[in-house]
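Next comes just one chain, in structure tokens: the form predicted alone.
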Amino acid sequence: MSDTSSRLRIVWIYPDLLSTYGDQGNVLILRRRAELRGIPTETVHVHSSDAVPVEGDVYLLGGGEDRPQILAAERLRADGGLKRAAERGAAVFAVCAGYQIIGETYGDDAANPLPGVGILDVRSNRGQTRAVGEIVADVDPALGVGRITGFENHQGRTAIGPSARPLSTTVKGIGNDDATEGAYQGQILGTYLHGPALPRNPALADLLLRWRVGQIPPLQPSWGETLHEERLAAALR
């Protein structure tokens, strides 16, 4: 956890620009699953007019429309706090528009390439068709997460560079390119999954916790695991 605090510091970046489809639920479930294990937490909401603190443990970014996405990328690049936090080993979990802008480049609504924050070796552009609907994917076995599910609504197509790895292979849906979904590099993870992703996939939340606090005890199955199984079964009908 943070060198300056005994609490797990969860940083929610730009909720005024990047928070579509209830992505703040990712913050809530991460905090809840930490506290159920006796891990004290602190949640910091960073608006686009604020500086991004460097001394966080887990940084979360949600989805957004085209113009807010551009504004968020510009401000994050100018601020530099997120990049410095990633360089010092913080975990980053970014969804949809947030996923695209933490990469090297992403496309605007006219398919022009724009610079991203550059903490994940991916490059995104606009595809010919929009990906909308349920998505199911099998996570890289090295991460110990299993099968994940979510909702996608984007026109992005994302190519993964040599420094990153695909988060998962798609079973249903489009994801990055109709073959893989998301990407990760060290403790930086991006995905197109809304839902929100962490409430629908508690094992993903636990992965972020393990990255920051080490081994964690299992929890008794509850509504999160039930929701995961229900949505998975519905998506594969």
Partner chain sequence: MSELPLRAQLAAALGKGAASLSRATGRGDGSVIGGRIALKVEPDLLSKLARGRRLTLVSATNGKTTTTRLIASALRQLGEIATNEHGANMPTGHITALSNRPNARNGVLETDEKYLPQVLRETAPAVVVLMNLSRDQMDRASEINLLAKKWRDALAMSDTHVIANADDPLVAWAGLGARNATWVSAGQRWKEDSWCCPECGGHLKRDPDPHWECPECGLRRPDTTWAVNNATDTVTDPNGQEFRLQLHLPGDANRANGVIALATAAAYGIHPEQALPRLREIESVAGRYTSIVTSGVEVRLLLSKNPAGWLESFAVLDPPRVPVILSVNAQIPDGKDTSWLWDVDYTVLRGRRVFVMGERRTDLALRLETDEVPFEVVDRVDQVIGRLKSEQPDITKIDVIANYTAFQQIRTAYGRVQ
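Nothing here was measured: the structure is a model prediction, and the numbers come from that model. Positions refer to the first chain, counted from 1.
One more form of this protein, predicted in complex with the partner chain, exists but is not displayed; see below.
Partner-proximal stretch of 88 to 96, 160 to 168, 147 to 155, 112 to 120 relative to the partner chain in the model of the complex, 4.5 angstroms, heavy atom: Single hit among the candidates: 147 to 155.
Non-hydrogen atom within 4.5 Å of the partner chain in the model of the complex for each of G80, Q187 and R212: Answer is no for this spot.
Considering only heavy atoms, tell me if D178 and the partner chain come within 4.5 Å of each other in the model of the complex. Output for D178 is no: heavy atoms all beyond 4.5 Å of the partner chain.
Proximity of P196 to the partner chain in the model of the complex, heavy atoms at 4.5 Å: Within the cut-off, so yes.
May I ask you to state whether G173 is within 4.5 Å of the partner chain in the model of the complex, using heavy atom distances? G173 lies outside the contact set for the partner chain.
Heavy atoms within 4.5 Å of the partner chain in the model of the complex: does L17 have any? Yes, L17 lies within 4.5 Å of the partner chain in the model of the complex.
Partner contacts for 22 to 40, taking the partner chain in the model of the complex and a 4.5 Å heavy atom cut-off: Residues within 4.5 Å: G22, D23, Q24, G25, L28, I29, R32.
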